[in-house]
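Taking the form predicted alone, here's one chain by itself in structure tokens.
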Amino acid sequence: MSAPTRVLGQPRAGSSSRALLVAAPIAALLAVVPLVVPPYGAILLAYGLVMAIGALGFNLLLGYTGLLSFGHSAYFGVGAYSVALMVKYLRVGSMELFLLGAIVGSVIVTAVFGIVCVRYTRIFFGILTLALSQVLWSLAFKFFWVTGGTDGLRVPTPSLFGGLVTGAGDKTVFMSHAYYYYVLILFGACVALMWVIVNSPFGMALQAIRDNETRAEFVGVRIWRYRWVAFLVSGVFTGLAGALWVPLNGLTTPDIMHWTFSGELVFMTVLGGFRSFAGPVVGAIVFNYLKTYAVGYTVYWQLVLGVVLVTLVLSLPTGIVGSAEKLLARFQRSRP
């Protein structure tokens, strides 16, 4: 571990301070959302924050390790089904226990899948992740006496903070206030943790592997081990997102384990910009709003959404955040 640290160095000293200055006002704005917008708007934003956690995990592979996965719907589904099965068979109602179960399930599945996948790169890695995710989807689809099949499994409103906050009463109010703040707290914790990871010596080593695998191996980076750990962390983040998503949705079905859902995670990350830390977060929130309003306005929402996304990707090749950074840099250069 010491060799890559010395060669790759540490992030710039002021980067964390600048990130905190940007994050603080954004966190303040997110905190007042339930107080100034209708309940539906807060719930919709909660969906976006949940998907942003999954996109952050996915981008640890794509943006920082250079591995394109088409199977992250599997880990999202593992998190969601862990919650649903705990409700069905263990009669659990605590969100903290749901999250613990989802993390354990995600670690087991991701660790096994990672052993198979990370030995390969490029198209071989993508096809393997796709194939393994489809295996889980078919199991969830066929074993209907366990998973509910296409009918899915329902998840009631959970209790929060060890039972201090319960969902008794109006579910809409609970989801738009108490559960929104719960999601926001976990979102902030996940963002902070991922920031530490990608700016640590481990994150620097992943970027070295992405940029030049041969050189990284030459300076002492154990390629397979680093990729496997990155795969594991990425899957756990995505599984955590699945666990937070299912109480919002109230129902989990095999659809969330299908490869098309993995495609949505890819779209979110590319839309926001996978070369920037904040890109997946912005992309997930924007994609969530685009999809929701497209579904609400037309039965041809897939066509509309596809056209909008292709247009955005072609016009903003570096993503929303990447393009904004370029415009800001151009503006600063043009100032006297």
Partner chain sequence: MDVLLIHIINSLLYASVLFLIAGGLSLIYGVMRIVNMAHGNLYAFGAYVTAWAVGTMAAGAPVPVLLMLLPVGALAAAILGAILEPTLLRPFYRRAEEYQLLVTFGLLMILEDLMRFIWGPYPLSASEIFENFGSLTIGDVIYPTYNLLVIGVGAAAASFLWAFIYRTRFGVVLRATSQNMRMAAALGVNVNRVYVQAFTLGCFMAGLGGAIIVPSQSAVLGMGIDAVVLAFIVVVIGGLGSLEGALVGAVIVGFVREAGIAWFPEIELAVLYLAAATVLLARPAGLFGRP
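Here the structure is a predicted model, which means the values were calculated and not measured. Residue numbers count along the first chain shown, from 1.
FYI, the form predicted together with its partner chain isn't displayed, but the following is about it.
Peer 1: Heavy atoms within 4.5 Å of its partner chain in the predicted complex: which stretch in 180-188, 236-244, 252-260, 87-95 meets that?
Peer 2: It is 252-260 that comes within 4.5 Å of the partner.
Peer 1: With a cut-off of 4.5 Å between heavy atoms, is residue 29 one of the residues that contacts its partner chain in the predicted complex?
Peer 2: Residue 29 lies outside the contact set for its partner chain.
Peer 1: How about residue 127 - does it come within 4.5 Å of its partner chain in the predicted complex, if we only consider non-hydrogen atoms?
Peer 2: Contact check for residue 127: yes, within 4.5 Å of its partner chain in the predicted complex.
Peer 1: Mark residue 120 yes when one of its heavy atoms lies within 4.5 Å of a heavy atom of its partner chain in the predicted complex, and no otherwise.
Peer 2: Residue-level check for residue 120: yes, a contact with its partner chain.
Peer 1: Can any non-hydrogen atom of residue 33 be found within 4.5 angstroms of its partner chain in the predicted complex?
Peer 2: It does not: once its partner chain is placed as it appears in the predicted complex, residue 33 has no heavy atom within 4.5 Å of it.
Peer 1: Give me the residue from 160, 232, 132, 194 that has a heavy atom within 4.5 Å of its partner chain in the predicted complex.
Peer 2: Selected residue: 132.
Peer 1: If the cut-off is 4.5 angstroms on heavy atoms, which of these, 49, 42, 62, 282, is the one near its partner chain in the predicted complex?
Peer 2: Of 49, 42, 62, 282, the residue with a heavy atom within 4.5 Å of its partner chain in the predicted complex is 62.
Peer 1: Any chance all of 223, 326 and 331 sit within 4.5 Å of its partner chain in the predicted complex, going by non-hydrogen atoms?
Peer 2: The answer is no: none of the three residues contacts the partner (heavy atom, 4.5 Å cut-off).
Peer 1: With its partner chain taken in the predicted complex, which residues across 49-78 come within 4.5 angstroms through any non-hydrogen atom?
Peer 2: Contacting residues: 62, 66, 68, 70.
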